[in-house]
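Only one chain is shown below, in structure tokens, and it's the form predicted on its own.
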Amino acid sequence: MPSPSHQHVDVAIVGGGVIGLSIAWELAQRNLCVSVLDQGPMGKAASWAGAGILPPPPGARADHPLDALARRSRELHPMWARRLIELTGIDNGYHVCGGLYLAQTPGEMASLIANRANWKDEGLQVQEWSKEQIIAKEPHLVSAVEAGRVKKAFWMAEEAQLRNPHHLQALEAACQCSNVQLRPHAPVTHLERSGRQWSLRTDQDHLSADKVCLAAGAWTALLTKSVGFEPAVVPVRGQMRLYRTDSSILSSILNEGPRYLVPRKDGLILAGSTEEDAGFNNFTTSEGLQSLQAFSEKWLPSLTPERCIRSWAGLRPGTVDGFPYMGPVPEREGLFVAAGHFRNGLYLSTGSAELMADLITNQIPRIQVTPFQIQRGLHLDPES
């Protein structure tokens, strides 16, 4: 009999963010015994720090596997939202609010027009809006529009959002309801193949598993060195500001290049986000926050510094080619990776969970996985 400090599970997932918890919940629905380990509290790193934007799904004419993954993820999101609230009573805030895409400079206008052409090729519904249509939809943008800041505007009615902190809370509760073993504050200090199983050690105990999935976001490459491989996943810092307003002054998501304003139904507005190569430093900077403040006030002058109630930074897991790593690790039987989703972790989490659960349970995925395979950009140490 194993000692009380030594447990065995079918699958151990390292990383308790939105990807790890989503995979765990999906596997639990397939009657597997699952444990999730995280170096900190569950769902409190990059997954919590984002804005919860769910872009419109690519149309049927977009046939790249990444488009298929995005399309499947958007198809699953409303289903997951309903299942989560039924199981846990937690509303993750999913709703379709629409997205307004604005260009202020000639360069932004050219980029936006090119994006519109791609969106139309993919079968997305995109409408070009006049200044009058913008003001009719979002009256509080009137000063920015009349000041001549809008050179081009497009409206995408299918853009949606959810409140990622609530979504993470619901996922954690759903995992607990499904008998997933959650191990917060349990950094994995040692990982090795032991016979036909994997052995994981933490400061507290020892866990063995038939299969292991590494979903530790930006920290994945640090974890994998002990077993002889390093996926090219790097941290990219993103800073955010949160404002409280007396009433809802924005009803749809405002996008300008990589920046955005995301309104919540209770009057909160999220402003983001920076993209910075800062290593594993997740502290905010005065420069980053000032740039977000200027962006916010440019479009909504009432978003003064006094209305900012919180700011923070998260470390997104970036990859060189922009595709996440998802699949089995070559020459490491029973070891899988799901990391590198960058800014789209929450958006792609539902489809990624389904795909990874298929791979882990030896099912044929509905999505072609070749572009996500671990072999690309991977250094393997054959002696490990």
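Throughout, we count residues from 1 along the sequence that is shown. In this text, all values refer to a predicted model and were calculated from it rather than measured experimentally.
One more form of this protein should be noted, the form predicted in complex with a small molecule, which is absent from this view; the next part is about it.
By the criterion of a heavy atom within 4.5 Å, G327 is excluded from the residues contacting the small molecule in the predicted complex. The small molecule in the predicted complex comes within 4.5 Å of a heavy atom belonging to M240. Not displayed here, the small molecule is approached by G50 to within 4.5 Å at the level of heavy atoms in the predicted complex.
None of the heavy atoms of M356 is located within 4.5 Å of the small molecule in the predicted complex.
Relative to the small molecule in the predicted complex, residues P58, F154 and F323 are all farther than 4.5 Å at every heavy atom. A heavy atom within 4.5 Å of the small molecule in the predicted complex is found for exactly one of G314, G288, P231, P263: G314. Of the candidates W299, W198, W80, W219, W219 is the one whose heavy atoms come within 4.5 Å of the small molecule in the predicted complex; the others do not.
Between 124-132, 137-145, 98-106, 183-191, the stretch whose residues reach within 4.5 angstroms of the small molecule in the predicted complex through a non-hydrogen atom is 183-191.
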